[in-house]
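To begin, one chain is listed below as structure tokens, in the form predicted alone.
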């Protein structure tokens, strides 16, 4: 029954992710092309502290409003083994590129509103004192906690001789209470080959991107630092087909006792070029 429910989540999210950043947590200054729509689904699973395994899934709709503005809607759900599968909420994200031309460092701003509950295990970021214990519990108990939060990021991204290097400083605040929470994400990635071949190719080296992410919490405004925070390192691999579909996978490893020992992430995406024109024609 659990797996049937998860298949339902994926069926709703599937018309899915395209050549894009190879990371799961770290954002770059890359924006969606104006008028393009990217439909994606991503999943995450872990077995924290020997508790019941969970499967988190997120459906994503990303649209390029302007060359400097990308907006995205997330729908989150989770299934826990021997428990249940539930819808855990939604997120509305906006990213703004601050400079129109490429520079040594390219800054971008990220603002997101989250309306989720405590059962959410999508793990799209790690902030404050988020840790392994937050991933343990029954859906019925955890979903009683409502989380209406605003997340902001300062994104500093660079393209250096084929390498993509990006640093994110994350701030999150519950709109009603709780302190400011902080986190970070750093990613480095590179295509396996920089020169593209003239013909269509699916398994050429330039279709693959490999990289690594490091991310974790930085406490709160009154307890800033690494004390009682969780941290992860995660290699990532992305493959983009000639038809524009991208598949990504990333095994993550907890670096301290506050972290889940092992986290596996997968994602599939597909980009619909000039979706706005297609919509107007109909």
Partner chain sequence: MNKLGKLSLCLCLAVGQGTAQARDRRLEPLSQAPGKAAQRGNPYASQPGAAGAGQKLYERECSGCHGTAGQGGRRGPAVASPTVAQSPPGAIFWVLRNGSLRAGMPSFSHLPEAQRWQIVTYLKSLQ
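Numbering follows the first chain given and starts at 1. On a predicted model such as this, the values are computed, not experimentally measured, just so you know.
Not pictured, yet referred to below: the form predicted in complex with the partner chain.
S.K.: Using heavy atoms only and a 4.5 Å cut-off, determine which of 239, 68, 27, 55 is in contact with the partner chain in the model of the complex.
M.R.: Only one option qualifies, and that one is 68.
S.K.: Considering non-hydrogen atoms and a 4.5 Å limit, which listed residue (251, 34, 49, 225) is close to the partner chain in the model of the complex?
M.R.: Exactly one listed residue reaches within 4.5 Å, namely 34.
S.K.: Verify the flagged residues 100, 197 and 200 against the partner chain in the model of the complex: is each one within 4.5 Å by a non-hydrogen atom?
M.R.: Judged in the model of the complex, 100, 197 and 200 all sit within 4.5 Å of the partner chain.
S.K.: Quick check on residue 175: any heavy atom within 4.5 Å of the partner chain in the model of the complex?
M.R.: No.
S.K.: Wondering, does residue 159 line up within 4.5 Å of the partner chain in the model of the complex on heavy atoms?
M.R.: It does: once the partner chain is placed as it appears in the model of the complex, residue 159 has a heavy atom within 4.5 Å of it.
S.K.: Looking in the model of the complex, any heavy atom of residue 191 within 4.5 Å of the partner chain?
M.R.: Yes.
S.K.: Can you tell me whether residue 145 touches the partner chain? I mean in the model of the complex, with a 4.5 angstroms heavy atom cut-off.
M.R.: Residue 145: no, not in contact with the partner chain in the model of the complex.
S.K.: Heavy atoms within 4.5 Å of the partner chain in the model of the complex: which stretch among 131-139, 201-209, 113-121, 78-86?
M.R.: Going through the listed ranges, the match is 201-209.
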